[in-house]
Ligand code: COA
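This document starts with one chain, in the form predicted on its own, laid out as structure tokens.
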């Protein structure tokens, strides 16, 4: 028995909403989710036209099971409110709001897009990190994305392979997301030709507890998908833990032993989540 099949968010690729070629290519990429970007990836002189380009691409469809998330410009810019109004009725799974600082920012977006479209939050300011729990608790919020580039700029911190200066912020986002059952996505890795560095950062993000990672280039997809998917060894262990626990439970006991380690009910819950994620990834691939 597995838990309810989750939606995978291993790889979440930013795609400029203004580029027809990129929008078309994204239909064939093996990503779990796409962030159709109207903000940083679109130049100032193309922002208004990008709304129509993106709306037409989404109306044409072809993105399959991939989650479709639209990042609008901030509501404190001249484009944000009009972005929200233009995108509220298109075929998407969520609207992603930049630089969310408090639940009031979610309220402001909700007022523009109506009651139906889920909202995600970019967590990329010190204020947003301090208010992460309240933001995650908002009833419209379904996902949080770590905006590590903007956050590093705001903090004036150094970029290090171990991301030590970023750990407090990353773990605060995760704590808030897990407290309220929302998706948590790690920030981008900027050196898209550095496979070893990407793999190491993916492993760190996975081990911290993130559901997946945002990407800036299609070349990063395979490494990320592999890192955030259960390995064959993890799947095998999960199955054996579930079977062993079921056996001892049937005999009236509450603790099993697998590979010399105690297995309790909490370990079985984790095992079921692993199998559910593996099933979801397999179903999406099919």
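This is a predicted model, so every value here is computed, not measured. Positions refer to the first chain, counted from 1.
Just so you know, the form predicted in complex with the ligand exists too; it's not on screen, but the next bit is about it.
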item	value
Candidate from 152, 110, 216, 199 lying within 4.5 Å of the ligand in the model of the complex - any heavy atom	216
Proximity to the ligand in the model of the complex (heavy atom, within 4.5 Å), stretch among 187-195, 100-108, 125-133, 156-164	187-195
Partner contact for residue 15 in the model of the complex: the ligand, 4.5 angstroms, heavy atom	yes
Residue 32: touches the ligand in the model of the complex, heavy atom cutoff 4.5 angstroms	no
Heavy atom of residue 55 within 4.5 Å of the ligand in the model of the complex	no
Contact flag, residue 276 vs the ligand in the model of the complex, heavy atom cut 4.5 Å	no
Within 49-82, the residues that have a heavy atom no more than 4.5 Å from the ligand in the model of the complex	71
